[in-house]
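Just the one chain here, laid out as structure tokens, in the form predicted alone.
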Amino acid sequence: MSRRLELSDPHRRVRFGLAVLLAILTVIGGRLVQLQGLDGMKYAAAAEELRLTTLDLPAARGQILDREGNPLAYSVEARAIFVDPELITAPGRTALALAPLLGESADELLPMLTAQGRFVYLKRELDPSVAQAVMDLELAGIGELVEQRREYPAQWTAAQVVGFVGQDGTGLAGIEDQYDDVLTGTPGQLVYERGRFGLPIPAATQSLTEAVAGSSVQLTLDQDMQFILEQAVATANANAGVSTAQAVVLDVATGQVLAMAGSPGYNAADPGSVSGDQLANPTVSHVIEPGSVNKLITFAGALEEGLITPETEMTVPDNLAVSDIVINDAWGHAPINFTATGVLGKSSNVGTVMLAQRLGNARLEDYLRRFGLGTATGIELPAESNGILVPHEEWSGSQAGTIPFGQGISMTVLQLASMYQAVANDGVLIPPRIVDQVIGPDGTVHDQPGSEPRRVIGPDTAADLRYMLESVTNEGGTAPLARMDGYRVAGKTGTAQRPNPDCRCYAGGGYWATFAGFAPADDPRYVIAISVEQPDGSGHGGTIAAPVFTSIMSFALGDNGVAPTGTAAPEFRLTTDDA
């Protein structure tokens, strides 16, 4: 009996071992069935997911165009070269291979190739051909991305209007900033399986969503006139003692901005080369005290209220006490028997204040606000200033004496141009605009509605003002340098004290020399406003600013085929002694 048990023990061990092996094989088989059958699809999908790469496709940014369709800003396709430092095994050799293609030294590239992290830009905004040459090297850890490079073919011209974009393509100034959402398109997306070096596997799974380009913005600017204006303000800026010069050109009938700039400007293709305070558009964001160009509004109110006519006679002394100050004319004189036209043509501060006293502070403030002072024009540009005009109830006694001739208030040069546009346009102010239309990527044109025109004075008052302003540029007026052969010109000079930031007073602050006017005076087409800032100078509007007006207006009339004036200028009676 014991012998049979001994013989049967090995058989039992074998059977037990087989049972265990079968159990293990059953588990493994079941698991294989699960992996290959039940879970096969899931793991295959996971494996594919590991090979899939999603690539964002940048959308082309819309163009910025002048009124004739000339491009002021557009985008071209470019490439960025990047590195995954963890995949770099020989940084020295890699740097030497990349240096000549990227235009950098190996020493400059080496810290980027050995940096912490998985992604570092080596070079951006490269031509695609250069990027292709880099990728042809088949260097581990080096990749490329598609991006856009912004081009500004006019460079300095209209840069303050057009603005510029940042490295990420986002608008940072000017129209680029204000219309960033319009100019920016909708990015696309490419999903593909990658193989060696991250390159797409031919015929493998791909999904493509096309990018949609941004819309283009067409401006009202005339590129040629813009260039001439910028040359004119740069010439004025070159005069001794001048720190800045600004100018704006408006179309009288539409209020459209044809040109605007301040100097010194900047190159939109290289905005980093100047300080940040030079990147603004001063014609809309910087305020000036206008000086005697603001007398336009005092006279507009007096005419509109029936207090004067152009022939009204006034005996004007050379000084007048107002509250705690004494108002003086720019030249000493015995009492003069002026006409109202003569007070404006000769730019008498005393005579202007006398008219303002007849009008009263409340009515004067009303006309100042009618002409847009203290309120932004609403032009389609960022950082526009409202200017400064406090309510008349808060005017000090001295302000009541200085505001009528443009001291103690502030405005932008664009607001100044808009004031004169209203007079040139028979008393109807059309808020200035600089965007004409938006053009979709499919070519659809969307005209941009402007603000509603508003009447600020009656047409008879406007006609009287045009007559009186024309006296300024004729014999006996303060702006003979604004005359133009063959054309009648109307306008007004101004010279305003500039606040001194060191003492918060006017002493030692210098001056603003201004001029605003239009031509032809008998059939106005264009309005131009000029401001020349002189922290250390004392030049007057008639000698510093009027010549800038003449150089710009001469081009505007000639280039646009405006025929010379067909009528002679009227005779102007400035004093009662004149015939």
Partner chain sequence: MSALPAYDRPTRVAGRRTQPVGRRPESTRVSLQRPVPVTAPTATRRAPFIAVILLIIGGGLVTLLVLNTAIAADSFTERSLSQQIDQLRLQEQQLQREVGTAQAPAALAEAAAELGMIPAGAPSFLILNPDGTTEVVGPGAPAVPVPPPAAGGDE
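Model, not experiment: these values are computed from the prediction. Positions refer to the first chain, counted from 1.
The following text describes the form predicted in complex with its partner chain, which does not appear among the structures shown.
### Query
Any idea which of 317-325, 211-219, 153-161, 300-308 reaches within 4.5 Å of its partner chain in the predicted complex, heavy atoms considered?
Looking at the partner contacts, the answer comes out as 153-161.
#### Entry: Selected contact from Thr543, Ser551, Thr53, Asn70, since only one has a non-hydrogen atom within 4.5 angstroms of its partner chain in the predicted complex
It is Asn70.
### Query
Looking at Pro459, Pro187, Gly508, Pro264, which is the one with a non-hydrogen atom within 4.5 Å of its partner chain in the predicted complex?
Result of the distance check: Pro264.
### Query
Using 4.5 Å between non-hydrogen atoms, is Asp127 touching its partner chain in the predicted complex?
Result yes; Asp127 sits at the interface with its partner chain in the predicted complex.
### Message
Can you tell me whether Pro564 touches its partner chain? I mean in the predicted complex, with a 4.5 angstroms heavy atom cut-off.
### Response
Yes, Pro564 sits close enough to its partner chain in the predicted complex that at least one of its heavy atoms falls within 4.5 Å.
### Message
Even though the partner isn't displayed, in the predicted complex is Tyr179 close enough to its partner chain, meaning a heavy atom within 4.5 Å?
### Response
Judged by the heavy-atom cut-off of 4.5 Å, Tyr179 is well away from its partner chain in the predicted complex.
### Task
Check whether Glu104 has any heavy atom within 4.5 Å of a heavy atom of its partner chain in the predicted complex, and answer yes or no.
Taking the distances in the predicted complex, the answer for Glu104 is no, it never comes within 4.5 Å of its partner chain.
#### Entry: Residues of 466-503 having any heavy atom within 4.5 Å of its partner chain in the predicted complex, listed in sequence order
If the 4.5 Å heavy-atom criterion is applied to its partner chain in the predicted complex, 466-503 yields Asp485, Tyr487.
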